[in-house]
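Shown here is one chain on its own, the form predicted on its own, set out as structure tokens.
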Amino acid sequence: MKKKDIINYINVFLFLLPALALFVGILIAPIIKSLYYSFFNWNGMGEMTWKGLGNYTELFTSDAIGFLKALRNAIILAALSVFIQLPVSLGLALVLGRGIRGEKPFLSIYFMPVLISTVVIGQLWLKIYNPDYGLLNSALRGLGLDNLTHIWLGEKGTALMAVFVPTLWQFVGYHMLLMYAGVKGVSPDIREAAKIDGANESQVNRYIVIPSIKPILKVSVIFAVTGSLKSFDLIYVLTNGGPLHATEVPSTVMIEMLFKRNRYGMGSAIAVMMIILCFAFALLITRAFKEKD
């Protein structure tokens, strides 16, 4: 190897070193630490007692922790995101991608909720869902549909869906923008050729546009599923996991273990499981899209 090549490699390494140090210090090191703590029974201050896989066993067998129920809720939210949120985003992207009048203002309007703080969105929807003066119940009463009013965030049957609606409202514009970029990237010549051959707009979208943006659809599905698995802030503001754990998700269980019960070993085990689940689902989704290809 020439001396010049060695110097170039050294320069590249030195250039990447600060970013690598941040990546290791902020991401890799905490994951390793969490994995280490997950094998101990520890309250965060006192002596650490070796527990082995005991925390993980308790995680999946103890009803008192409620991790399996929280995981089920997260999977329900992920399914709702994939089968409701993403089709809505795709429909908006296909419509706006055709170049309708007011295309740019519509993009800004739909993307605006993404820019708002999640805590602010939570407070906004708390007011909408308020059973006494909230906009939703007031509208139902105004329409004479008093029997449809609910304590939306306070009833087990409605709480989880009530939590999902603000998530849909906040992130539908995010996924729409990703898909919109892909739709606009499809060559107009291909569209025109298909229409000359007799294809209507829906056939163009089904057989040309959607297959062309499949890589973007894969990214959106991964973001939607992993985002649901690690959702926290909006649920914490709206319900804090209630009522009666109806909206509990792994993140809220982890916070309870860490800061309310002082079980840092168990909280670390939940954190490790969340990381594993996010990676596993991302790999499964990637593989599913490859098989379809």
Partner chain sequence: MAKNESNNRSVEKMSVKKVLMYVILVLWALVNLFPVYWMFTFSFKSNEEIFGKNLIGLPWEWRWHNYTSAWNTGNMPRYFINSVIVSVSAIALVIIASMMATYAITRLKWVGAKQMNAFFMLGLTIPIHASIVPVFITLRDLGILNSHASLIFPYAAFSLSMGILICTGFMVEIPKELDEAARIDGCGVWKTFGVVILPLMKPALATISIYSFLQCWNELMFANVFISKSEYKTLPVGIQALSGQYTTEWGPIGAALVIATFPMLIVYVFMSGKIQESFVVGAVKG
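The model shown is predicted, which means the values in this text are computed figures rather than measured ones. For the two forms, the rigid core is made up of the largest set of C-alpha atoms that agree within 1.5 Å on superposition. Residue numbers count along the first chain shown, from 1.
Note that the form predicted together with the partner chain isn't included here; everything after this is about it.
Against the partner chain in the model of the complex, the set 18, 120 and 268 is in full contact: each member has a heavy atom within 4.5 Å. Shown alone, this chain has one stretch from 152 to 160, 218 to 226, 71 to 79, 186 to 194 that lies within 4.5 Å of the partner chain in the model of the complex by heavy atoms: 218 to 226. The closest heavy atom approach of residue 33 to the partner chain in the model of the complex falls within 4.5 Å.
Under a 4.5 angstroms non-hydrogen atom cutoff, the partner chain in the model of the complex has residue 230 among its neighbouring residues. Residue contact check for residue 211: none of its heavy atoms lie within 4.5 Å of the partner chain in the model of the complex.
Although the partner is absent here, residue 236 is a contact residue: one of its heavy atoms lies within 4.5 angstroms of the partner chain in the model of the complex. Shown without its partner, the chain has 19, 20, 22, 23, 24, 26, 27, 28, 30, 31, 33, 34, 37 in segment 19 to 41 as residues with a non-hydrogen atom within 4.5 angstroms of the partner chain in the model of the complex. Relative to the superposed core, residue 14 undergoes a C-alpha shift of no less than 2 Å between this form and the one not shown.
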